[in-house]
Each structure stands twice: as C-alpha cells, then as structure tokens.
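Only one chain is shown below, in structure tokens, and it's the form predicted alone.
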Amino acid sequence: MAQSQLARSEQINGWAFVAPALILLGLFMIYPILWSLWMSLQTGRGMVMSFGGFTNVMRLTQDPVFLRALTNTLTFLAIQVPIMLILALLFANALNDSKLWGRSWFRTAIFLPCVTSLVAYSVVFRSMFGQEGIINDMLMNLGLIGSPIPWLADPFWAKVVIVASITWRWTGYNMIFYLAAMQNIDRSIYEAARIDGVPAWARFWYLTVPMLKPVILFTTVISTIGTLQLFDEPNLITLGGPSDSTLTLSLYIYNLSFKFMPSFGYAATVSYVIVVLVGILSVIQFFLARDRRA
C-alpha cells in the first residue's frame, strides 16, 4: 500500500514538473498548427473570410506565381544543397589533417559566415554583385568578361547570386558536423589502409564517406528543410526578382500575408505545400540512405 502511494506520488510530481512545458508546447506549437490547418480551408481577403473547403488547393494549380515560386524553390534545392554539402565534406576532410598549417584559422574563417549578420552580409552581397560592383570589376580586370554582368537584373544570374550567397553562409555550418564526426573515427583504420597502400582519394571515398553516412543524412535533411523555407536571401538581396525569378514559397507566403491585400487562408495553404514537400523529401532521403544489408 505504501509503495503504491509512493509510486502515485512520483507520477504526480513528474507530471507537475513537465506540465508547464507541455502547456507552453500546446499553446505555442500545437494550437498554431491546428489553427493554420483551419485557416487553409478559409477563403477571402483580409479578415473577411468564409469556409471554402478545398478551394485554395484547387487555386494552387491555376496560380502561375505559385508554380513559379515552387519551381524556383526546387531549383535552389536541387543545385545549392548538393554543392554546399560536397564543399563542406571536402573542407572538413582537408581541415581534419593534423599536419595542415593554420587549420584552426581556416576552420574559423569557413565557419564565420554562418554567425555573420544576415542583413549586413546581404547588403554586402548586393553591393558586390551590383552592375559596377567589385565582382564585375575583378572579372573585367582579369579579362574574363568584356562587359559587366547584370547579376541582379537577369533571371539566370540572380539565381546564381542567391545560390552563391546561401552556399557562402551555410557551408561552414555543415562542415562543423562533418569535422566533429571525422574526429571520432578510429585513426587506426586509416593507418591500416595507408600501410596497405590505399591512396588518399580511396580512403576518403571508401572509408570516410560510408562512416559519415548518418551525419550526411542529417545534414541533407536539415539543409533540405532550410532551403524549402528559404526567405531571407531572396527578400534582402534580389527582392524576389527580377520578374519573380528568385521568388520562393516562403517569400510568396509573406507577400500573400503582408503585402497588398492579405490572403491568410491561401497563404496557409501554400505553407502546407512546404510541409508536404519536407515530408516527402525526408522519406525519400531516409529510404535512399537506409542500410541495405539489413
């Protein structure tokens, strides 16, 4: 009887400790999710809304701006994420060499962009890639181009600037994950391979990469989620232009909610497109990275 009362008392105390966290979680996470789901079924402008069922879903297929934003987002995802992760992996492998001179300085230099002020670096990028910016001056002085490239005024080059800015900012962040994982690999494995005459590229490809597989999967998933939610760089560097060529889904949601006449219901529907994409792509990535020996 005494043990039963003690167990019940422990349960009550346990729930009392976690109750504040559960209440805050429900208030600031679960309630907004459910409310946004309800909002996605509403139609109308401003605060004048009515239940429209799946009207917003049907509207998605007929909205050219949404389709352009979706295409731009998937283009950034397909190009930028592989480039960034490959660079991060190569940098981590190079900086994991204990014989490399100044490797602490290089690690800091590559990681530094991800803690740089977003607004400050966006302003710098706009200046650098301007018609008379330092990038055009440098390329012309080297004789690589004959006339300035309209980096921010041409749809193709505007996408290149966005990809370059995101890669510059987040490569070091992913590199830290790879570097930490590499330092946990038993050095005797590399010593044995080196004694057997395995070249450096083969040690990297056949030893390092397979052993980093869980970390690579993790960085791929978080990079995919981050790119699908891409908002800051297109908003601050190119303003989504020119001609919506760098408009992303998150920027489109912002425009629908806070620019011109608000359309909160349709914006909520577009936001759930991101949720669905994240779910589908995450499942695909986990499926491709599964251990086939099991």
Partner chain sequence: MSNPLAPIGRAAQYVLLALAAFVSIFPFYWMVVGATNTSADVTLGKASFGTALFDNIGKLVTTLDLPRLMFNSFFIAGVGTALTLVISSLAGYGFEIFRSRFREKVFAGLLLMLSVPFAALMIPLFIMMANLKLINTYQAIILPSVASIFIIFYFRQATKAFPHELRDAAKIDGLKEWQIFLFVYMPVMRSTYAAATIIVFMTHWNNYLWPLIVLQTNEMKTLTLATASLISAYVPDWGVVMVGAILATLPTLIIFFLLQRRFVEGMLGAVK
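Positions refer to the first chain, counted from 1. Think of the rigid core as the biggest set of C-alphas that the two forms share within 1.5 Å after superposition. Being a predicted model, the structure only gives us computed values, none of them experimental.
A second form of this protein, the form predicted in complex with the partner chain, is not displayed here; the remarks below concern that form.
Of the residues given (Ile83, Leu144, Val209, Ala120), Ala120 alone sits with a heavy atom within 4.5 Å of the partner chain in the model of the complex. For the options Trp157, Phe111, Phe204, Tyr190, the residue carrying a heavy atom within 4.5 angstroms of the partner chain in the model of the complex is Phe111. Although the partner chain is omitted here, in the model of the complex none of Leu139, Trp151 and Ala289 has a heavy atom within 4.5 Å of it. Within 4.5 Å of some heavy atom of the partner chain in the model of the complex lies at least one heavy atom of Asp97. In the model of the complex, the partner chain sits within 4.5 Å of a heavy atom of Pro32. By the criterion of a heavy atom within 4.5 Å, Asp244 is excluded from the residues contacting the partner chain in the model of the complex. Contact annotation for Leu281: none of its heavy atoms lies within 4.5 Å of the partner chain in the model of the complex. Applying a 4.5 Å heavy atom cutoff to the partner chain in the model of the complex picks out Gln11, Asn13, Gly14, Trp15, Phe17, Val18, Pro20, Ala21, Leu22, Leu24, Leu25, Leu27, Phe28, Met29 from 11-29, in order along the sequence.
Remark: with the core as the superposition reference, the CA shift of Gly14 between this form and the one not shown reaches 2 Å or more. In the core-superposed comparison between this form and the one not shown, the C-alpha atom of Ile23 has shifted by at least 2 angstroms.
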